[in-house]
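Just one chain follows, in the form predicted on its own, and it is written as structure tokens.
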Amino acid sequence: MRILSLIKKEMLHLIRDKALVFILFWAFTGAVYTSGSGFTMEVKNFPTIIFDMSKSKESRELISRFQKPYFKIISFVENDRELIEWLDSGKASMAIVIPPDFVRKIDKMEGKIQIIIDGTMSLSATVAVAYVTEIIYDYGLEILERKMGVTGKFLENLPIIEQKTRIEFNPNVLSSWFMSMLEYFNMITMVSLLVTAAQMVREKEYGTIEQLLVTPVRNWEIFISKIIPTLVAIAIFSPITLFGIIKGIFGVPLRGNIFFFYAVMLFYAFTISSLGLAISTVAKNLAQAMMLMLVILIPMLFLSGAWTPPESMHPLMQYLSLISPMRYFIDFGYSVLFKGNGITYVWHDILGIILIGLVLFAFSSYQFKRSFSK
């Protein structure tokens, strides 16, 4: 009965805090939607300018291949000064420079063009360069076939290796699928960390933590009463995100067992909430708690494997990522929701979440007892 009374008290505090309720609603709706629709890793309408010094049939044929939706030719410049102005002003992100001897070089099989690209946004620049490379490669093959007099009938008699690319789980390579789900996982992490730490720090700021300590309740009961409201809030808002935003708006197919995902997701929230309690035992006020959250949350995000696969990290970073619960949860979430995998494929992620959660809960309990026994 004691723990139920504590949980009821914390739930009332959470419900009455209108600002916190609004933050929770925005985190699981607006933040996920804007992340899925406002950020893309695809290249569309990439602003491109052309400096064609050849002005030949061959150069026009090459230019015609840079079309929407990937590239958008916004201007044809006549000199280097205009080209630099377009790039420096940020109005253009890529310039294609075709030299005056382009046709003569093609006749000698030595044709070259220059691509100047703004590398400020390195991800978009990398994807754009890949598209340009593919366009120029295909154009070069066609030129070679014409020069060698190769016909379609001749090619039919040659052995051919046919390449067919099949992309599983996200066949259209939609970044909205990946980004919306990643932001959902991030919001679970941030809410679990923020709400639990804020509730405990508020007790310290108001001086009510001492009142709790003199009551006949144990430390773990206080901790559980702080964690349960966070789990309830996440459990309530998650269906809105999964079925209203991720599946309803972005059309992401949820292939896995939702109840299985929910069970592990709530234990992950318990793990992160335990980390929030550990932070609250160190911080003296909410401002300090927020700073500590940033110090912990940002490295945990970069080590999670969401942006860089662990296999591509430095060996030291790979080992450090093993202590990040976010790495296990993101791998688990994508495996279950995207791929429909069962426990056979994700048991090691669940084990990692459980072990880290128990360690963090034990540490926060010890730190709480130690800090208030002085």
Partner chain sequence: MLKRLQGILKKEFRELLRDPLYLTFALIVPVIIIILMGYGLILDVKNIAVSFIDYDRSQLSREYRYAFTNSEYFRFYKLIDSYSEAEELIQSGVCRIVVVIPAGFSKNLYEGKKTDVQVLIDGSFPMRAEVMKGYTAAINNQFNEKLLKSLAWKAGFSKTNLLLGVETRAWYNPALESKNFILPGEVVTTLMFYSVLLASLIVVREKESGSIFNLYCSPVKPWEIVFGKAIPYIVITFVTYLIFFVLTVGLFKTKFTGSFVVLTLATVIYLACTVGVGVLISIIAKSQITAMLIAFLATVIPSFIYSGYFSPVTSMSEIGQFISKTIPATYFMIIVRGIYLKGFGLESFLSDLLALCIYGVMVYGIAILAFRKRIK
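What you are looking at is a predicted structure, and each value in this text was computed from that prediction instead of being measured. Residue numbers count along the first chain shown, from 1. Whichever C-alpha set is largest while still superposing within 1.5 Å between the two forms counts as the rigid core.
Below, we refer to the form predicted together with its partner chain, which is not included among the displayed structures.
With its partner chain left out of view, the stretch that reaches within 4.5 Å of it through heavy atoms in the predicted bound form is, among 234-242, 120-128, 218-226, 259-267, 120-128. In the predicted bound form, no heavy atom of Lys68 sits within 4.5 Å of its partner chain.
Although the partner is absent here, Trp307 is a contact residue: one of its heavy atoms lies within 4.5 angstroms of its partner chain in the predicted bound form. Proximity of Lys57 to its partner chain in the predicted bound form falls outside the 4.5 Å heavy atom cutoff. Not displayed here, its partner chain is approached by Glu134 to within 4.5 Å at the level of heavy atoms in the predicted bound form. Residue Leu174 is the only one of Ile209, Val77, Leu174, Ile73 with a heavy atom lying within 4.5 Å of its partner chain in the predicted bound form. In the predicted bound form, its partner chain lies within 4.5 angstroms of at least one heavy atom of each of the following residues of 295-315: Val295, Leu297, Ile298, Pro299, Leu301, Phe302, Leu303, Gly305, Ala306, Trp307, Thr308, Pro309, Pro310, Glu311, Ser312, Met313, His314, in sequence order.
With the core held fixed, Phe243 shows a CA shift below 2 Å between the shown form and the other one.
A movement of the C-alpha atom of Asn172 falling short of 2 angstroms is seen between the shown form and the other one when the two forms are aligned on their rigid core. Once both forms are fitted on their core, the CA shift for Pro253 between the shown form and the other one remains under 2 Å.
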